[in-house]
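Quick setup: the structure tokens below cover two forms of a single protein chain, split into structure 1 and structure 2.
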Structure 1
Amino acid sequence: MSWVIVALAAWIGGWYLNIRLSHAAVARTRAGQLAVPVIFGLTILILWEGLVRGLNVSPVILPPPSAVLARIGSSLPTLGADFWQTAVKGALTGYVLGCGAAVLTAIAIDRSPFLQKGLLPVGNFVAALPIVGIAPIMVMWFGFDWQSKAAVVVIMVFFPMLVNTVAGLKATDAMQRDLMATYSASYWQTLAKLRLPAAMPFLFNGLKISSTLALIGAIVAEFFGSPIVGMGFRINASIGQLALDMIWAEIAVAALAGSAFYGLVALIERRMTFWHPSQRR
């Protein structure tokens, strides 16, 4: 019982601290803005740990964070191999291929309003569909290894990226294009020097959406069949063994990988589209 009381006290203390912090002058500084969510996250972890210990929750139902952390420490090689198989081989390959193909397709249909009118509604429609459902088919076609996961990812990221790129290529206004025309710039010069740079905010929006989709696609596709390595495989196999700490360890890795991937794209975006109003500080 004492664990529960300690946890609740930590929760109330953290919450009180946060209320004080958010109303204090420090809330407007960068450190304050970082500290408040961190404190919140920590209190959640303490509450979780305390409740699990205090109420004697079976580790088969919910392992405490300390057990998950210990598991991460003890099975780093396994987690590393799973990460390599799923995130790098499956998700990243598919992400690069899918986003690349979508940008090229968008440039290809750029000159034809007819194709755009036809492809965009179809693309919007497909972007809303449960595309992960295509995973069993891809596993059947490309086998159990990472190729099938990459294929699922390609299809998942293609349409959001296509829709964003086409929208981005329309982002220049007539004045700017007229200026390029007065310079007697060719179509490709206009594309490379004006329209692609102007499309960058949209491209990065698509890239950010796709970065999350890619990891989800690769993990879920592994539920339909995979070699004996990979994050989705490990989650599925650990369920059978009721090794919940392993699953949470994989989830932690997936969360870290997803956030890091997203953060990386956002960082590149900040570097490349520093001129855009949304990036100014």
Structure 2
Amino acid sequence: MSWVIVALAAWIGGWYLNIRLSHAAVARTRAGQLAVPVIFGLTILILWEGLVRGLNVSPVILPPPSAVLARIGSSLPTLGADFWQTAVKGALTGYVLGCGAAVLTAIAIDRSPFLQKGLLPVGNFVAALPIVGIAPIMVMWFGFDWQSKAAVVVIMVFFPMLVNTVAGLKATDAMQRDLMATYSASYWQTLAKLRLPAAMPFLFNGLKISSTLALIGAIVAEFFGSPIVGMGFRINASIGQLALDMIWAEIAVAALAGSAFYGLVALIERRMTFWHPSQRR
């Protein structure tokens, strides 16, 4: 039971340290803001390791973090190839295409009352389609390689980005638009100099939501047909082999990649929307 005692002690110590840090002056600094989640994450890993080893949990049910880390170290080439196939080729390509198409469609909707009444309900219908139904169709249309996964990601990210962009384009008030009209500004001048800058918080909200959906969509789509590479393929193949450490290694890589991508979008948002109240500390 020594592992269990160590795990519980680490959890209590980490909890106490985080409470002290969150109420201290250092919590308002950048280092303090990073320390709290790091300490919390480490205590979760120590608790996981201690309970799995102390309670003799079978690695087939739940491997300890040390086994997952060892598998990551011994499978770096495989994990790297899977990451490139799924995250870069499938998820990132679909993310760029889907978000770009959503912004252009939102501008078209903003220009046309007909599209406002006709296209948004269709977009809502498409967003409600289950990914397990879309993925096999995309595989039949675009083949087994990354193109079909990118197509699934396009469908997944399109509607959240569209809704946020349409809402953002309506964020300006009548006085601001009237001021641009007194300057004889055209629609495109008003769009570029007033409405798109005002819509930036909404756009980045859609980009952050889509950043998490993109990787999930690409991984799930690989369950329905892919070449012998990719995160979804590896997870699906490892299930039949009872290689739980490999499954958790892929999950860890996907979680790190998704968190890094989300953080990058949030960092760009902070740089570009520094004027917005949500970015003030």
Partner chain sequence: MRNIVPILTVVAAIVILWYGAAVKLNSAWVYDQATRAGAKVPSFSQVVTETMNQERPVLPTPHQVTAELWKSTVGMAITSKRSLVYHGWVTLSATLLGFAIGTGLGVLLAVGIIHNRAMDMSVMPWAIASQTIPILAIAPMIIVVLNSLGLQGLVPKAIISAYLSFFPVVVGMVKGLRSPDQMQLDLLKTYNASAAAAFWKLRVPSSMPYLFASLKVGIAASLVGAIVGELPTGAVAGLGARLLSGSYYGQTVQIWAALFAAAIVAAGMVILIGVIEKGTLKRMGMVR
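The structure presented is a predicted model; accordingly, all values stated were derived computationally and were not measured. Residues are numbered by position in structure 1's sequence, first residue being 1. What we label the rigid core is the largest C-alpha set whose atoms superpose within 1.5 Å from one form to the other.
Comparing the two isolated copies of the chain, the second one is the form predicted on its own.
Once the rigid core is overlaid between structures 1 and 2, residue 121 counts among the residues whose Cα shifts by 2 Å or more. Relative to the superposed core, residue 10 shifts its CA atom by 2 Å or more between structures 1 and 2.
After superposing the rigid core, the Cα of residue 268 is displaced by less than 2 Å between structures 1 and 2.
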